[in-house]
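What follows is one chain in structure tokens, specifically the form predicted on its own.
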């Protein structure tokens, strides 16, 4: 992929494009724009100050005006393939590399948040018992490809230069990220795999991509996600404790599922009206009572679908001929109303196609499957809605890829020995 032309795009979109391209030239262009070779005032960190759970990001995140967690703006998922037999020396090397990044960047969106996950393919290769299942199709509407590499690192930061520089430093392609020397890299233990995935979150960012095929001009200016509405409401997200494995060899860790989706935005924005979009994202009641506002700003910290609206899903299918995406998903909440998934998804234009990398954390992959099946609403088809038509947002999203990963607690995140 070629570097974008800085004269033909906004500053934010230019930075997003550089992250998608990656590599030395893109990083150099990014640092030229920010005017600071050390990453534009990025704070350094201390490994001792990092939490024991890799996935413990919430305390580091800021919040929006309503109190919802505000995710980092730039994201990269770096896939890795094992190139050696795991042993104590390899494990020490990998841990030294991760701790080098923790010294280079503070545990903060202004610095770097990251997690390291291992796939079923990794555990098969080291002849260990598989703690997570291989990914598979979850609904009858999909035939996705599956992640078959061994590990993945999720980098997230508000600064585009940081996610690019950290990726290069980890793989031995730059020596001093943020001015801090690397004690080790992953060279000789892991190598790059495919596909590398990138993305972004933030009000106004989706609307900056209307020049891309498939992204209509009608994307709302302030929407943080391509579908035009806010997401990640505090009440609809699992607490970090809820997604943390409680016992066994991986206690303190979690599991991660990555579902890559492409979006049919042209139909979503130009065939449906605002009432229909609100009804399909949240619930028919949200549309009829005008509960959401233009981009979901009226909802504060809660979608309001738990309880009566979720319980009325089948009735809405029969009587209203339409059900909402959030309404369906809420059927899979715990008995006390707690969501079982902690979502850290982000928009993408990888391969110049609008989409979403739906990244979800949960105690077990089974919980993701349960919630995802509730989202699919296949049990509702024939009850007044179709398999896709008026069945939430299924008519507009298409699953292209899936992957399952184990995120061990931080003290065990380095290469696990065979």
Partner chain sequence: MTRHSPGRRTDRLSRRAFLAAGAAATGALAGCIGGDDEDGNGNGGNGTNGDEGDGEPSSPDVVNSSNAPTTPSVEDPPDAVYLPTHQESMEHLETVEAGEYAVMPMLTYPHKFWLVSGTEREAVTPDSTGVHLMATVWDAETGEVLPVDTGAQLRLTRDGDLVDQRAPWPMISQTMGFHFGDNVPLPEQGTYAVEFDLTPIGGDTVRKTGEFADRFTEPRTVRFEFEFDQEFQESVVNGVEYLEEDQWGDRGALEPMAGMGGMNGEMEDGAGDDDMDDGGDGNGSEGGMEMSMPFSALQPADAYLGTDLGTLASGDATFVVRYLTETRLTDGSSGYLLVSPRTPYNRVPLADTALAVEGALEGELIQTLDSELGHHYGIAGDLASDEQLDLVVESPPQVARHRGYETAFLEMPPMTVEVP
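Positions refer to the first chain, counted from 1. Predicted, not measured: the structure shown is a model, and the values here were computed from it.
From this point on, the text means the form predicted in complex with its partner chain, which you will not see here.
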item	value
Segment assignment from 134-142, 107-115, 223-231, 197-205: heavy atom within 4.5 Å of its partner chain in the predicted complex	134-142
is_contact(residue 322, its partner chain) in the predicted complex, heavy atom dist at most 4.5 Å	yes
Touches its partner chain in the predicted complex: residue 66 (any heavy atom, 4.5 Å)	no
Non-hydrogen atom contact residue 328 with its partner chain in the predicted complex at 4.5 angstroms	no
4.5 angstroms heavy atom contact with its partner chain in the predicted complex for residue 56	no
Option touching its partner chain, based on a heavy atom within 4.5 Å in the predicted complex, out of 74, 280, 257, 154	280
Contact residue in the predicted complex, chosen from 338, 128, 84, 267 - any heavy atom within 4.5 Å of its partner chain	267
Residues in 270-305 close to its partner chain in the predicted complex, defined by a heavy atom within 4.5 Å, in order	270, 271, 272, 273, 275, 276, 277, 280
